[in-house]
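Two forms of the same protein chain are encoded below as structure tokens; each is given separately, as structure 1 and structure 2.
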Structure 1
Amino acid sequence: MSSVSPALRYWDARAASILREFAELLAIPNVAADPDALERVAAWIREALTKRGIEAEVISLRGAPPVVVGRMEGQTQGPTIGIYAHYDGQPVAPERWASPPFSPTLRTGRLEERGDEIGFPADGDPVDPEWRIYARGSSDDRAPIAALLAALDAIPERSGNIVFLFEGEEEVGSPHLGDYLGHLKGRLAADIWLICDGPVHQSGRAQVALGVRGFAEIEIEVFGPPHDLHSGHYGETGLNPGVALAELIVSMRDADGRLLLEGLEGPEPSEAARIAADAVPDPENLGFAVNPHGSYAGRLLRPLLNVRGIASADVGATSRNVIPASATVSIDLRLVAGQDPVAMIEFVRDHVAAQGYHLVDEAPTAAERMDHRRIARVVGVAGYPGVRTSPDDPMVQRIVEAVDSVADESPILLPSFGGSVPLHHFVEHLDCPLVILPIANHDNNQHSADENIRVGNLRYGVEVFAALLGGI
């Protein structure tokens, strides 16, 4: 990292004013369920871009929070980069916060390490990179917006073309993102899109991710007797749905997460993706014993069937000696690029039927209970497919080089995040590769009380955006 880069010089001279402007943005509530607040945030972003000479516009579709779209023409004929971030945030429970979630609070360090509350600095005051700003949206996902604005100020001579898109409903699943991308397709054309969301690696190293997994959810309900039965009188006479459901789960996956269900395996990752995954260090000291089979990044290249909840009769003080009438499991499927969520749900349905279950769409009739010992209902909701950009893509290499030019260590190239975000819209509507470029600290309390951004990570964001604005 160059200590004399224009962006770093700008940060050293103007860090206090950057933090104060960021605090102004964070003071506007951004909960996704508050449309009036989202309108105010979008207007603030448009005005901030316009002040910096960017052609920016707030655009609204019926029933959807607005997006902010902008374009910056560069001085060269280089590639066009799209930059995406979302400005909405998760709900808040103020009583759980150490300070009001929309009153940005600066602390000398992490709350858990007794960081003291201090005032925002005046111009010329020193700024410590270990300081933290506490507010909803400070890391997820308004930090990239603040960093981008500072980078625009730091680099007056901007080489490449940049297209901006700021969305206001990511935290509720981006139900209108595809509509916006289709509507604005001509204005959003780019050679690559940077999705600026998420944290850097758990080690603190810069990270570039090339995709996300897709998503589907399934509930399987196994039916037993019409009502709970006395276990002493009827045990092993009536089917115990709790036991049957447990057997059904282990027929689909083993204790280490390896899939046993035919059809759900997913396409093999490319050699380049496997090589990149092998180079990613495993997270350290997560506070629990980890799966010994394979690497963390390697597992993210595979689909996952996760049991997120099981219900059957009662436990603890309310437990009863019964055969329960039913048992239900709630499952989330994390899917890799190339898997169709609808087809994956059908594979699960077919598997349940192949285990000898009579499938129903509602509670079984008396006749069905007499005719079939094993009865189940499978209800699935298809989310969206996963996406993954090849590490061999030339634009990926240029992005990595730009990050490497400002990072303290060589960035980690992660072939895929484990989580799911509906980024397939960018591929389907804009027909271009995408890269996820996170800047937030990994311990930012994302989606939780006391969300925060480490000031040093905000500085990193300013530098990396400046490197991109300078041309890649």
Structure 2
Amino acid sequence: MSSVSPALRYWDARAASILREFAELLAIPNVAADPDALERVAAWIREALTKRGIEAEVISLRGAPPVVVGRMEGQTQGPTIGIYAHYDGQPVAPERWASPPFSPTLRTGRLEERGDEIGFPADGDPVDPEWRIYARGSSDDRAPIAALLAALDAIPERSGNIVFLFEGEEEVGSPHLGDYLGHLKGRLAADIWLICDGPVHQSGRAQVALGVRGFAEIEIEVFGPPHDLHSGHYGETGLNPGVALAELIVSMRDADGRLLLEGLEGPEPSEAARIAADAVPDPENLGFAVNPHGSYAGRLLRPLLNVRGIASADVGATSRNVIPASATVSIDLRLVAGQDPVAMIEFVRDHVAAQGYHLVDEAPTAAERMDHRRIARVVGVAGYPGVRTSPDDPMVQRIVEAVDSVADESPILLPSFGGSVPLHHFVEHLDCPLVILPIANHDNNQHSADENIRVGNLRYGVEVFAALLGGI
């Protein structure tokens, strides 16, 4: 940590007012169910940028919450950085919250560790980095917005070139993000985009992630007899769809658990990505024995075929002595950059057919049931492709250096997030690399009741953005 940075000096002097202004933003509801409030959040952000001298505009496409776009022209001829955050939050169930989700509440620590509620500080009062602000969106994802505004105040000499984009429907899957980016591509051109969302590493270390995985989902239903059949009289006379489905699931992997589906294994990760992965510490204290093969970050460079659910007749108290009429597995696929979700679904379909299945789109006809012992329906929903940026990209290296200059420890360079977000829109419309730059604490109750931000993480955000505003 550079303890003499202008950002930190500013924080030390003005932290109380930074928190109070953040609380003003957090008091405006930001859920999809209240579109008028989302408009007010967008207007508040535009106003906050404008009064700091940033050219900013609220832009609306029909039927979608608005985006706020802004531009800051620094004095250098250096690269342009895009900064993205989303101002909408997950739905709230207020009865589950210790304090109302849109009444920002300051506590001396985590609720679970008996953090006491205190009033927001007055100017000049000391501010403890272990304090937490509880409110919906305090971490996910209004914290980067507050940090950025404070950084703009902290750095009068803004020599960087920055474009800003604040979205209002990330939590419902960003259905209009592609449209907005297509519409605004001229104004949003940049050399790299920073997706400011998510938490830092579990250990508290700063983190930069170099992509996300894509997504597709698949259900495979194996058909047994036309209706549940008495297992005593007919056991093994017809196909047991549960056993057949188990065989199908097993057929997808080798003994080491590696995917066997032709074409699904994906491109080999680059040497640089593998080196980055090797440097990432494995998560600790997960509460279970972890996979002895490979590393956590190494797995994020591979596609994933996850069995997220199985159902066939009943278990437990309602189980009956039947050959079930069907068995279904629900699968989510996490795809690496370069894999096409539609093609991936076809690979799975082809694999099922190659195991001897007659594939149907509807329930099989009586004739199909007589003609084919193995019948399955494969239904896929193509999501979107993944995104990956090379750690060797010079823009990435500049961003990492900026983060490193303010972080307590060297940042973790995660070669990809494991989850899926439709960031491919940035790559497709804006044709530039992107990285994910989170600032929130890991234990922030994101998406749950009692969402919070640790004040020290907000301070980290102010420092990071100040470093970027100064030009990289």
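Just so it is clear, the structure is predicted and the values come from calculations on it, not from any experiment. Structure 1 provides the reference sequence; residues are numbered from 1 along it. By rigid core we mean the largest C-alpha set that fits within 1.5 Å across both forms.
Taken from the structure described as the form predicted together with another copy of the chain is structure 2, whereas structure 1 is drawn from elsewhere. A displacement of less than 2 angstroms separates the C-alpha positions of residue 407 between structure 1 and structure 2, with the rigid core held in common. In this overlay on the rigid core, residue 56 has a C-alpha that sits less than 2 Å away from its partner position between structure 1 and structure 2. With the core superposed, residue 32 shows a C-alpha displacement of at least 2 Å between structure 1 and structure 2.
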